[in-house]
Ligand SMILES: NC(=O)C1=CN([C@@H]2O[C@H](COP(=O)(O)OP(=O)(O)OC[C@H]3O[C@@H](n4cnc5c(N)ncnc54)[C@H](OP(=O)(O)O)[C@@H]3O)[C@@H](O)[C@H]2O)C=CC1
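Let's start with one chain on its own, the form predicted on its own, as C-alpha coordinates.
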(Lines give C-alpha, C1' and ligand atoms only; values in the text may rest on other atoms or scores of the structure.)
Protein backbone atom coordinates (compact mmCIF):
# COMPACT_ATOMS: atom_id res chain seq x y z
CA UNK A 1 0.00 0.00 0.00
CA UNK A 2 2.78 2.43 0.93
CA UNK A 3 4.72 1.65 -2.24
CA UNK A 4 1.62 2.23 -4.34
CA UNK A 5 1.01 5.57 -2.70
CA UNK A 6 4.57 6.64 -3.26
CA UNK A 7 4.46 5.78 -6.94
CA UNK A 8 1.21 7.60 -7.62
CA UNK A 9 1.48 10.88 -9.48
CA UNK A 10 -0.47 13.91 -8.30
CA UNK A 11 -3.20 15.26 -10.49
CA UNK A 12 -1.79 17.91 -12.79
CA UNK A 13 -2.93 21.49 -12.28
CA UNK A 14 -2.16 24.67 -14.12
CA UNK A 15 0.42 26.89 -12.51
CA UNK A 16 -2.02 29.77 -12.56
CA UNK A 17 -4.46 27.67 -10.52
CA UNK A 18 -1.96 26.18 -8.08
CA UNK A 19 -2.84 26.70 -4.45
CA UNK A 20 -0.76 27.66 -1.43
CA UNK A 21 2.08 25.65 0.06
CA UNK A 22 1.26 23.34 2.95
CA UNK A 23 3.86 22.18 5.46
CA UNK A 24 3.48 18.76 7.06
CA UNK A 25 5.57 17.75 10.07
CA UNK A 26 5.98 13.98 10.10
CA UNK A 27 6.49 11.40 7.34
CA UNK A 28 4.47 8.52 8.77
CA UNK A 29 1.46 6.81 7.19
CA UNK A 30 -0.99 9.63 7.85
CA UNK A 31 1.45 12.37 6.88
CA UNK A 32 2.24 10.69 3.55
CA UNK A 33 -1.45 10.04 2.79
CA UNK A 34 -2.39 13.62 3.66
CA UNK A 35 0.45 14.96 1.53
CA UNK A 36 -0.58 12.83 -1.45
CA UNK A 37 -4.20 13.97 -1.16
CA UNK A 38 -3.14 17.62 -1.00
CA UNK A 39 -0.88 17.22 -4.03
CA UNK A 40 -3.76 15.70 -5.97
CA UNK A 41 -5.90 18.72 -5.03
CA UNK A 42 -3.31 21.20 -6.29
CA UNK A 43 -1.43 22.19 -3.13
CA UNK A 44 2.34 22.39 -2.93
CA UNK A 45 3.56 20.18 -0.09
CA UNK A 46 6.73 20.45 1.97
CA UNK A 47 7.48 17.76 4.56
CA UNK A 48 9.39 18.43 7.74
CA UNK A 49 11.40 15.52 9.12
CA UNK A 50 14.02 14.80 11.80
CA UNK A 51 16.10 13.01 9.16
CA UNK A 52 15.29 14.33 5.68
CA UNK A 53 17.87 12.06 4.07
CA UNK A 54 16.28 8.96 5.62
CA UNK A 55 12.70 9.79 4.58
CA UNK A 56 11.31 7.55 1.86
CA UNK A 57 8.03 6.54 0.25
CA UNK A 58 6.98 10.18 0.00
CA UNK A 59 4.62 11.21 -2.83
CA UNK A 60 6.24 12.42 -6.03
CA UNK A 61 6.25 16.21 -6.18
CA UNK A 62 6.68 16.75 -2.44
CA UNK A 63 9.82 18.25 -0.93
CA UNK A 64 11.31 17.07 2.36
CA UNK A 65 13.38 19.37 4.58
CA UNK A 66 14.44 19.60 8.19
CA UNK A 67 11.94 21.06 10.65
CA UNK A 68 13.55 24.57 10.84
CA UNK A 69 13.78 24.78 7.04
CA UNK A 70 10.33 23.38 6.33
CA UNK A 71 8.55 25.75 8.72
CA UNK A 72 9.77 28.73 6.71
CA UNK A 73 8.03 27.52 3.56
CA UNK A 74 4.44 27.96 4.80
CA UNK A 75 2.37 29.70 7.46
CA UNK A 76 0.16 26.63 8.00
CA UNK A 77 1.71 23.48 9.44
CA UNK A 78 0.01 20.11 9.91
CA UNK A 79 1.47 18.17 12.85
CA UNK A 80 1.18 14.46 12.04
CA UNK A 81 3.35 13.41 15.00
CA UNK A 82 2.57 12.05 18.45
CA UNK A 83 2.23 14.24 21.51
CA UNK A 84 5.38 12.86 23.17
CA UNK A 85 7.46 14.36 20.33
CA UNK A 86 6.10 17.92 20.64
CA UNK A 87 9.01 19.19 22.75
CA UNK A 88 11.16 20.10 19.74
CA UNK A 89 8.59 22.76 18.82
CA UNK A 90 9.78 24.95 21.69
CA UNK A 91 12.99 25.54 19.72
CA UNK A 92 10.87 26.91 16.86
CA UNK A 93 8.71 29.20 19.00
CA UNK A 94 9.96 32.39 17.35
CA UNK A 95 9.45 31.25 13.76
CA UNK A 96 6.05 29.68 14.59
CA UNK A 97 4.69 32.92 16.00
CA UNK A 98 1.47 33.87 14.18
CA UNK A 99 1.36 30.67 12.13
CA UNK A 100 -1.43 28.08 12.12
CA UNK A 101 -0.64 24.72 13.71
CA UNK A 102 -3.10 21.93 12.87
CA UNK A 103 -2.97 19.17 15.47
CA UNK A 104 -4.14 15.81 14.08
CA UNK A 105 -2.88 13.63 16.93
CA UNK A 106 -4.84 11.00 18.88
CA UNK A 107 -4.18 9.17 22.14
CA UNK A 108 -4.14 5.51 23.06
CA UNK A 109 -7.02 5.75 25.55
CA UNK A 110 -9.77 8.20 26.44
CA UNK A 111 -8.72 11.13 28.67
CA UNK A 112 -5.13 9.90 28.73
CA UNK A 113 -3.81 13.33 29.79
CA UNK A 114 -5.25 16.09 32.01
CA UNK A 115 -5.55 18.39 29.01
CA UNK A 116 -6.10 17.72 25.34
CA UNK A 117 -3.15 17.41 22.96
CA UNK A 118 -4.19 20.61 21.18
CA UNK A 119 -4.36 22.59 24.43
CA UNK A 120 -0.97 21.21 25.42
CA UNK A 121 0.38 22.31 22.04
CA UNK A 122 -1.05 25.80 22.55
CA UNK A 123 0.84 26.01 25.86
CA UNK A 124 4.11 24.95 24.22
CA UNK A 125 3.79 27.45 21.37
CA UNK A 126 1.68 30.33 22.75
CA UNK A 127 2.26 32.56 19.74
CA UNK A 128 0.78 30.11 17.20
CA UNK A 129 -2.87 29.63 16.28
CA UNK A 130 -3.63 26.02 17.20
CA UNK A 131 -6.49 24.23 15.41
CA UNK A 132 -7.63 20.70 16.15
CA UNK A 133 -8.71 18.85 13.00
CA UNK A 134 -8.34 15.73 10.81
CA UNK A 135 -7.85 13.36 13.79
CA UNK A 136 -11.07 11.50 12.91
CA UNK A 137 -9.87 10.81 9.34
CA UNK A 138 -7.64 7.78 8.82
CA UNK A 139 -4.78 7.35 6.37
CA UNK A 140 -6.83 4.62 4.66
CA UNK A 141 -9.75 7.04 4.22
CA UNK A 142 -7.49 9.59 2.54
CA UNK A 143 -6.09 6.94 0.20
CA UNK A 144 -9.35 5.19 -0.72
CA UNK A 145 -11.39 8.33 -1.23
CA UNK A 146 -14.36 10.00 0.44
CA UNK A 147 -16.91 7.54 -0.91
CA UNK A 148 -15.38 4.63 1.01
CA UNK A 149 -15.08 6.25 4.43
CA UNK A 150 -16.40 8.95 6.72
CA UNK A 151 -16.15 12.47 5.28
CA UNK A 152 -16.66 14.40 8.52
CA UNK A 153 -13.79 16.47 9.87
CA UNK A 154 -14.33 17.96 13.32
CA UNK A 155 -12.60 21.32 13.69
CA UNK A 156 -12.09 23.53 16.73
CA UNK A 157 -9.84 26.45 17.59
CA UNK A 158 -9.73 29.85 19.28
CA UNK A 159 -8.77 31.85 16.18
CA UNK A 160 -11.70 32.07 13.75
CA UNK A 161 -9.56 32.94 10.71
CA UNK A 162 -7.18 30.04 11.27
CA UNK A 163 -10.08 27.68 11.83
CA UNK A 164 -11.84 28.87 8.67
CA UNK A 165 -8.68 28.35 6.68
CA UNK A 166 -8.41 24.73 7.85
CA UNK A 167 -12.08 24.16 7.03
CA UNK A 168 -11.51 25.50 3.51
CA UNK A 169 -8.66 23.02 3.04
CA UNK A 170 -10.90 20.18 4.23
CA UNK A 171 -13.56 21.15 1.69
CA UNK A 172 -10.96 21.26 -1.08
CA UNK A 173 -9.95 17.70 -0.17
CA UNK A 174 -13.57 16.59 -0.63
CA UNK A 175 -14.29 16.33 3.11
CA UNK A 176 -17.03 17.86 5.26
CA UNK A 177 -15.75 20.11 8.07
CA UNK A 178 -17.89 20.55 11.19
CA UNK A 179 -17.13 23.53 13.42
CA UNK A 180 -17.11 22.38 17.06
CA UNK A 181 -16.26 25.75 18.61
CA UNK A 182 -13.24 26.79 20.65
CA UNK A 183 -10.18 24.75 21.56
CA UNK A 184 -11.96 23.60 24.71
CA UNK A 185 -13.76 21.07 22.50
CA UNK A 186 -10.45 19.42 21.51
CA UNK A 187 -10.64 16.84 24.31
CA UNK A 188 -14.03 15.66 23.12
CA UNK A 189 -12.88 15.56 19.49
CA UNK A 190 -9.82 13.51 20.48
CA UNK A 191 -12.07 11.02 22.27
CA UNK A 192 -14.26 10.41 19.19
CA UNK A 193 -11.92 7.92 17.43
CA UNK A 194 -11.39 6.00 20.69
CA UNK A 195 -15.06 5.36 21.37
CA UNK A 196 -16.41 1.93 20.44
CA UNK A 197 -20.15 2.17 19.76
CA UNK A 198 -20.81 4.35 22.85
CA UNK A 199 -24.57 4.56 22.33
CA UNK A 200 -24.86 0.86 21.47
CA UNK A 201 -23.22 -0.63 24.54
CA UNK A 202 -26.26 -0.46 26.80
CA UNK A 203 -28.64 -1.93 24.16
CA UNK A 204 -26.18 -4.73 23.35
CA UNK A 205 -25.52 -5.60 26.99
CA UNK A 206 -29.22 -5.46 27.84
CA UNK A 207 -30.27 -7.58 24.86
CA UNK A 208 -27.52 -10.12 25.64
CA UNK A 209 -28.70 -10.34 29.26
CA UNK A 210 -32.33 -10.78 28.19
CA UNK A 211 -31.40 -13.46 25.64
CA UNK A 212 -29.31 -15.35 28.19
CA UNK A 213 -32.04 -15.21 30.84
CA UNK A 214 -34.89 -16.33 28.58
CA UNK A 215 -32.72 -18.97 26.90
CA UNK A 216 -31.84 -20.69 30.17
CA UNK A 217 -35.42 -20.25 31.37
CA UNK A 218 -36.69 -22.07 28.28
CA UNK A 219 -33.98 -24.74 28.61
CA UNK A 220 -35.18 -25.49 32.14
CA UNK A 221 -38.81 -25.77 31.03
CA UNK A 222 -38.39 -27.54 27.68
CA UNK A 223 -35.20 -29.60 28.01
CA UNK A 224 -34.34 -30.27 31.63
CA UNK A 225 -37.91 -30.74 32.89
CA UNK A 226 -38.87 -33.42 30.27
CA UNK A 227 -35.62 -35.29 30.93
CA UNK A 228 -36.08 -35.32 34.70
CA UNK A 229 -39.74 -36.32 34.58
CA UNK A 230 -40.02 -38.52 31.48
CA UNK A 231 -36.40 -39.31 30.61
CA UNK A 232 -37.09 -37.90 27.14
CA UNK A 233 -34.33 -36.26 25.11
CA UNK A 234 -35.50 -32.91 23.71
CA UNK A 235 -32.10 -31.29 23.26
CA UNK A 236 -32.89 -30.82 19.55
CA UNK A 237 -35.06 -27.87 20.65
CA UNK A 238 -31.87 -25.92 21.38
CA UNK A 239 -31.35 -25.27 17.65
CA UNK A 240 -34.64 -23.71 16.52
CA UNK A 241 -37.53 -24.10 18.95
CA UNK A 242 -35.97 -22.33 21.92
CA UNK A 243 -34.28 -19.53 19.89
CA UNK A 244 -37.62 -18.94 18.17
CA UNK A 245 -39.10 -18.29 21.60
CA UNK A 246 -36.21 -16.21 22.88
CA UNK A 247 -35.97 -13.85 19.87
CA UNK A 248 -39.60 -12.61 19.82
CA UNK A 249 -39.66 -12.32 23.62
CA UNK A 250 -36.48 -10.23 23.55
CA UNK A 251 -37.82 -8.11 20.68
CA UNK A 252 -41.08 -7.37 22.49
CA UNK A 253 -39.31 -6.59 25.76
CA UNK A 254 -36.82 -4.24 24.08
CA UNK A 255 -39.64 -2.50 22.21
CA UNK A 256 -41.44 -1.91 25.51
CA UNK A 257 -38.19 -0.61 27.02
CA UNK A 258 -38.06 1.98 24.23
CA UNK A 259 -41.22 3.62 25.57
CA UNK A 260 -40.80 2.89 29.28
CA UNK A 261 -38.34 5.78 29.95
CA UNK A 262 -40.80 8.28 28.43
CA UNK A 263 -43.49 7.00 30.76
CA UNK A 264 -41.15 7.25 33.75
CA UNK A 265 -40.18 10.80 32.72
CA UNK A 266 -43.85 11.81 32.54
CA UNK A 267 -44.48 10.38 36.02
CA UNK A 268 -41.49 12.29 37.41
CA UNK A 269 -42.72 15.55 35.87
CA UNK A 270 -46.17 15.03 37.32
CA UNK A 271 -44.72 14.21 40.74
CA UNK A 272 -42.38 17.21 40.76
CA UNK A 273 -44.89 19.55 39.14
CA UNK A 274 -42.25 21.08 36.86
CA UNK A 275 -40.13 20.31 33.83
CA UNK A 276 -37.24 22.47 35.09
CA UNK A 277 -35.55 19.67 36.98
CA UNK A 278 -32.94 17.27 35.68
CA UNK A 279 -33.80 13.64 35.25
CA UNK A 280 -31.50 11.10 36.91
CA UNK A 281 -28.40 10.29 34.89
CA UNK A 282 -29.52 6.70 34.30
CA UNK A 283 -32.82 7.92 32.86
CA UNK A 284 -31.06 10.48 30.64
CA UNK A 285 -28.75 7.82 29.24
CA UNK A 286 -31.66 5.43 28.79
CA UNK A 287 -33.66 7.99 26.80
CA UNK A 288 -30.66 8.73 24.57
CA UNK A 289 -30.37 5.01 23.73
CA UNK A 290 -34.00 4.52 22.70
CA UNK A 291 -33.23 4.57 18.97
CA UNK A 292 -30.55 1.91 19.38
CA UNK A 293 -32.83 -0.20 21.57
CA UNK A 294 -35.53 -0.07 18.91
CA UNK A 295 -33.15 -1.09 16.11
CA UNK A 296 -31.79 -4.02 18.14
CA UNK A 297 -35.38 -5.06 18.84
CA UNK A 298 -36.12 -4.92 15.11
CA UNK A 299 -33.15 -7.19 14.48
CA UNK A 300 -34.55 -9.80 16.86
CA UNK A 301 -37.96 -9.48 15.21
CA UNK A 302 -36.35 -10.23 11.83
CA UNK A 303 -34.72 -13.34 13.31
CA UNK A 304 -38.11 -14.46 14.66
CA UNK A 305 -39.63 -14.10 11.19
CA UNK A 306 -36.82 -16.11 9.56
CA UNK A 307 -36.97 -18.86 12.18
CA UNK A 308 -40.76 -19.06 11.82
CA UNK A 309 -40.52 -19.50 8.04
CA UNK A 310 -38.40 -22.67 8.40
CA UNK A 311 -40.85 -24.38 10.79
CA UNK A 312 -42.67 -26.38 8.05
CA UNK A 313 -39.43 -27.95 6.76
CA UNK A 314 -38.16 -29.06 10.18
CA UNK A 315 -37.80 -32.81 10.64
CA UNK A 316 -39.63 -32.78 13.98
CA UNK A 317 -42.64 -30.97 12.49
CA UNK A 318 -42.81 -33.22 9.43
CA UNK A 319 -42.50 -36.30 11.68
CA UNK A 320 -45.40 -35.19 13.87
CA UNK A 321 -47.61 -34.46 10.85
CA UNK A 322 -46.87 -37.86 9.28
CA UNK A 323 -47.56 -39.68 12.54
CA UNK A 324 -50.79 -37.77 13.07
CA UNK A 325 -51.93 -38.58 9.54
CA UNK A 326 -51.10 -42.27 9.89
CA UNK A 327 -52.79 -42.49 13.29
CA UNK A 328 -55.98 -40.88 12.05
CA UNK A 329 -55.99 -43.16 9.03
CA UNK A 330 -55.64 -46.31 11.13
CA UNK A 331 -58.25 -45.19 13.62
CA UNK A 332 -60.48 -43.92 10.81
CA UNK A 333 -61.28 -40.66 12.55
CA UNK A 334 -60.55 -37.02 12.05
CA UNK A 335 -60.29 -33.98 14.24
CA UNK A 336 -63.34 -31.77 14.21
CA UNK A 337 -62.91 -28.28 12.84
CA UNK A 338 -62.84 -25.61 15.56
CA UNK A 339 -63.91 -22.15 14.51
CA UNK A 340 -62.49 -20.73 17.73
CA UNK A 341 -59.08 -22.24 17.08
CA UNK A 342 -59.18 -20.98 13.50
CA UNK A 343 -59.95 -17.48 14.68
CA UNK A 344 -57.15 -17.60 17.25
CA UNK A 345 -54.66 -18.92 14.70
CA UNK A 346 -55.53 -16.40 11.99
CA UNK A 347 -55.66 -13.53 14.48
CA UNK A 348 -52.27 -14.52 15.85
CA UNK A 349 -50.70 -14.49 12.38
CA UNK A 350 -52.47 -11.28 11.28
CA UNK A 351 -51.42 -9.38 14.40
CA UNK A 352 -47.85 -10.58 13.93
CA UNK A 353 -47.74 -9.44 10.30
CA UNK A 354 -49.20 -6.01 11.07
CA UNK A 355 -46.95 -5.55 14.08
CA UNK A 356 -43.85 -6.51 12.09
CA UNK A 357 -44.84 -4.16 9.25
CA UNK A 358 -45.12 -1.19 11.61
CA UNK A 359 -41.91 -2.30 13.34
CA UNK A 360 -40.07 -2.12 10.01
CA UNK A 361 -41.65 1.29 9.33
CA UNK A 362 -40.31 2.56 12.66
CA UNK A 363 -36.86 1.28 11.76
CA UNK A 364 -36.91 2.94 8.33
CA UNK A 365 -37.93 6.33 9.75
CA UNK A 366 -35.02 6.07 12.21
CA UNK A 367 -32.53 6.23 9.35
CA UNK A 368 -30.98 9.72 9.03
CA UNK A 369 -31.66 9.85 5.28
CA UNK A 370 -35.38 9.34 5.97
CA UNK A 371 -35.78 11.29 9.20
CA UNK A 372 -34.16 14.34 7.60
CA UNK A 373 -36.93 14.42 4.99
CA UNK A 374 -39.80 14.75 7.50
CA UNK A 375 -40.60 17.56 9.88
CA UNK A 376 -40.62 17.16 13.64
CA UNK A 377 -44.38 16.61 13.89
CA UNK A 378 -44.33 13.86 11.27
CA UNK A 379 -41.34 12.18 12.90
CA UNK A 380 -42.99 12.36 16.32
CA UNK A 381 -46.23 10.94 14.93
CA UNK A 382 -44.46 7.92 13.47
CA UNK A 383 -42.15 7.27 16.41
CA UNK A 384 -44.74 7.92 19.13
CA UNK A 385 -48.26 7.25 17.86
CA UNK A 386 -47.38 4.45 15.45
CA UNK A 387 -44.77 3.23 17.92
CA UNK A 388 -47.37 2.64 20.60
CA UNK A 389 -49.65 1.03 18.02
CA UNK A 390 -46.80 -1.33 17.15
CA UNK A 391 -46.37 -2.18 20.83
CA UNK A 392 -50.11 -2.85 21.14
CA UNK A 393 -50.16 -5.14 18.09
CA UNK A 394 -47.08 -7.08 19.16
CA UNK A 395 -48.43 -7.46 22.70
CA UNK A 396 -51.78 -8.65 21.32
CA UNK A 397 -49.87 -11.06 19.05
CA UNK A 398 -48.30 -12.62 22.15
CA UNK A 399 -51.59 -12.65 24.08
CA UNK A 400 -53.42 -14.47 21.29
CA UNK A 401 -50.53 -16.93 21.03
CA UNK A 402 -51.37 -18.13 24.54
CA UNK A 403 -55.02 -18.57 23.62
CA UNK A 404 -57.05 -20.70 25.97
CA UNK A 405 -53.92 -22.01 27.73
CA UNK A 406 -52.80 -18.56 28.81
CA UNK A 407 -53.78 -19.00 32.50
CA UNK A 408 -54.14 -22.77 32.53
CA UNK A 409 -52.28 -24.55 35.39
CA UNK A 410 -51.34 -27.30 32.93
CA UNK A 411 -48.68 -25.09 31.33
CA UNK A 412 -46.75 -24.74 34.60
CA UNK A 413 -43.57 -26.76 34.88
CA UNK A 414 -41.95 -26.73 38.29
CA UNK A 415 -44.34 -23.85 38.98
CA UNK A 416 -42.70 -21.89 36.16
CA UNK A 417 -45.10 -20.25 33.67
CA UNK A 418 -44.45 -20.14 29.95
CA UNK A 419 -41.78 -17.70 28.83
CA UNK A 420 -44.20 -15.63 26.76
CA UNK A 421 -46.14 -14.81 29.94
CA UNK A 422 -42.98 -13.21 31.38
CA UNK A 423 -42.55 -11.30 28.12
CA UNK A 424 -45.92 -9.60 28.66
CA UNK A 425 -45.06 -8.07 32.03
CA UNK A 426 -43.16 -4.96 30.84
CA UNK A 427 -45.25 -4.27 27.68
CA UNK A 428 -48.55 -4.52 29.56
CA UNK A 429 -47.18 -2.31 32.34
CA UNK A 430 -46.12 0.35 29.83
CA UNK A 431 -49.46 0.25 28.01
CA UNK A 432 -51.52 0.46 31.21
CA UNK A 433 -49.54 3.41 32.55
CA UNK A 434 -49.65 5.13 29.15
CA UNK A 435 -53.43 4.66 29.06
CA UNK A 436 -53.67 6.35 32.47
CA UNK A 437 -51.41 9.22 31.36
CA UNK A 438 -53.52 10.02 28.29
CA UNK A 439 -56.69 10.36 30.35
CA UNK A 440 -57.91 13.97 29.88
CA UNK A 441 -57.53 15.05 33.51
CA UNK A 442 -53.90 13.82 33.70
CA UNK A 443 -52.90 14.66 30.13
CA UNK A 444 -54.04 18.27 30.58
CA UNK A 445 -51.85 18.75 33.64
CA UNK A 446 -48.87 17.08 31.98
CA UNK A 447 -49.25 19.27 28.89
CA UNK A 448 -49.29 22.42 31.03
CA UNK A 449 -46.14 21.31 32.83
CA UNK A 450 -44.35 20.72 29.53
CA UNK A 451 -45.41 24.20 28.40
CA UNK A 452 -43.67 25.76 31.40
CA UNK A 453 -46.29 25.71 34.16
CA UNK A 454 -45.00 24.91 37.65
CA UNK A 455 -47.12 23.74 40.53
CA UNK A 456 -45.24 25.53 43.30
CA UNK A 457 -44.41 28.82 41.63
CA UNK A 458 -46.27 31.98 40.72
CA UNK A 459 -46.14 31.99 36.96
CA UNK A 460 -47.55 34.80 34.84
CA UNK A 461 -50.26 34.34 32.27
CA UNK A 462 -47.86 35.45 29.56
CA UNK A 463 -45.63 32.49 30.38
CA UNK A 464 -48.55 30.12 30.06
CA UNK A 465 -49.31 31.64 26.64
CA UNK A 466 -46.03 30.30 25.28
CA UNK A 467 -43.42 32.84 26.32
CA UNK A 468 -41.52 30.46 28.55
CA UNK A 469 -38.50 28.52 27.36
CA UNK A 470 -39.35 25.30 25.61
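Basically, rigid core = biggest C-alpha set you can superpose within 1.5 Å across the two forms. These figures come from a predicted structure and were not determined experimentally. Residue numbers count along the first chain shown, from 1.
Not on display, but discussed next: the form predicted in complex with the named molecule.
The stretch from 90 to 98, 176 to 184, 104 to 112, 200 to 208 that comes within 4.5 Å of the named molecule in the predicted complex, counting heavy atoms only, is 104 to 112. Screening 29, 63, 69, 443 for any heavy atom within 4.5 Å of the named molecule in the predicted complex leaves a single hit, 29. For the options 285, 272, 151, 85, the residue carrying a heavy atom within 4.5 angstroms of the named molecule in the predicted complex is 85. Proximity of residue 50 to the named molecule in the predicted complex: non-hydrogen atoms within 4.5 Å are present. When contacts are judged by a 4.5 Å heavy atom cut-off, residue 138 counts as touching the named molecule in the predicted complex. The named molecule in the predicted complex comes within 4.5 Å of a heavy atom belonging to residue 134.
For the chain shown alone, residue 116 is not a contact residue for the named molecule in the predicted complex, no non-hydrogen atom being within 4.5 angstroms. Here residue 113 counts as shifted, since its C-alpha moves by at least 2 Å between this form and the one not shown after the core is aligned. Relative to the superposed core, residue 66 undergoes a C-alpha shift of no less than 2 Å between this form and the one not shown. Relative to the superposed core, residue 102 undergoes a C-alpha shift of no less than 2 Å between this form and the one not shown.
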